[in-house]
Structures are given as C-alpha cells and as structure tokens.
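The form predicted alone is given below as one chain in structure tokens.
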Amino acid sequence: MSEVGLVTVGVSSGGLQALKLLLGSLPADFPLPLLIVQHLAPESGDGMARLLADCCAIRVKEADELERALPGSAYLAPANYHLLVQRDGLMTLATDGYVSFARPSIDVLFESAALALGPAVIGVVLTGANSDGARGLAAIKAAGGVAIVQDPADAEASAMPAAALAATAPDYLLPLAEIAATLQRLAQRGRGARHV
C-alpha cells in the first residue's frame, strides 16, 4: 500500500454535526492535513469553521489562497469558492462555475487531489442530499487512493453516500462514529510518511 499524505472530505446536508463528530474525534497531533468541502450558501461567512474550531483538538480554519496544508489542521472551503490542491501541497481557490450544482464542489476538490497526489489521497464522503463527490471519489479510487463512504443507513441524508457507492467500490463503508479511528489507523500504519 502506498503512503498517505492528505485526507479530503465532502459533506452536505447534516454536515455540521457530522464534522463535529469526525473532527472532534481526531487528536491534535493527527499526522495529516484535512481539506473539507461542506456545501454552503454563497453568503455564508466563516461561522462553521469557528464553531468547529471551538470543539476540536485539531486546528480548523477556512482555507486561504496559496496556503500550504499542514498536518493536524482541517481546512474548509470558503463559501462560494471551489477548493483545489496542487502537486506542491498548496491550496488554491477558484470561482469557476457550479459543479454538481455546488460551489464549493466536492468533485472539484477530490478530482484535483487525485490528479495532484494520486495514491497519497484519502477521500471521505459523508452525509448529503445530492450526488456531489461521487465522481470525485471514483477519481481518487482510480488514482490508487483510499475511498471511505459513510454508511447511507447511518447518514442524516443518504443520497450523497449512496451516489458514491454507486460510482465506486469503497475501501471502507462505515458508520460515522468509526471513520476517525479508521483515518488514524491509515495515517499511523506506516502510511503517513509522505505529507503534501
């Protein structure tokens, strides 16, 4: 198995509670960065990042243009911006058109990560009410990365994880409560040496 250097997460309806549980279960020294797309209304501010930062041991913030993704930190796509990652580990923001009816789009983040880092990427699809993330998770899997999907029966909104399951065979199909521990095992099992 290849080394892992980045976790990408996509979430929509029910996202705040899902992210509170997922990120709140990770230790401050979690050895990988996390890049997160939560579907947001265009006029949303950075309130979600601030709420999550208050309840998590890891650092949580909105991503900035050309910021480097660091271990032990979670970066949320700002409202109305696509979040992408480059081969050098720098994050970029884009105002290109909507993808899967969303900006930020999970597919955009996942596909950029698959292209930039291939097998070094873990993709995680959580609760949501549309199909965004399905195509991107398939791209991560095709590039040799790890695909994790929240069990649709466990999700507040099952459509997004169900679409991901229809698009690709995940490496892990898990209830939300088990995803953080799985990420820690993947990061620690000799697979966290290559960081972005």
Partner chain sequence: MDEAADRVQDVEVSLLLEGVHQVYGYDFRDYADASIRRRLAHWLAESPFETLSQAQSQLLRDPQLFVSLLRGITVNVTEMFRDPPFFKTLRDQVVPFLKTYPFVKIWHAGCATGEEAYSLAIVLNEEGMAGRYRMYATDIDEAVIATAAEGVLRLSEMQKYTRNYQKSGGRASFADYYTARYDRAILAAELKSAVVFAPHNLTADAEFGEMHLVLCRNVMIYFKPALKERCLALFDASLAGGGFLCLGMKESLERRALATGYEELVPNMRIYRKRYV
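None of the values given here were measured: they were computed from a predicted structure. Positions refer to the first chain, counted from 1.
Separately, the form predicted together with its partner chain exists; it is not shown, and the next lines address it.
Each of R87, T92 and G118 is positioned with at least one heavy atom within 4.5 Å of its partner chain in the predicted bound form. This chain lacks the partner; the member of A153, L51, A169, L66 within 4.5 angstroms of its partner chain in the predicted bound form by a non-hydrogen atom is L66. This chain is displayed alone, yet in the predicted bound form one of A162, A129, C56, A143 has a heavy atom within 4.5 Å of its partner chain; that residue is A143. Though the partner is left out of this view, A74 does not reach within 4.5 Å of its partner chain in the predicted bound form, counting heavy atoms only. In the predicted bound form, at least one heavy atom of A114 sits within 4.5 Å of its partner chain.
Using a 4.5 angstroms limit between non-hydrogen atoms, F101 is distant from its partner chain in the predicted bound form. Using a 4.5 Å cutoff between non-hydrogen atoms, V108 counts as a contact of its partner chain in the predicted bound form.
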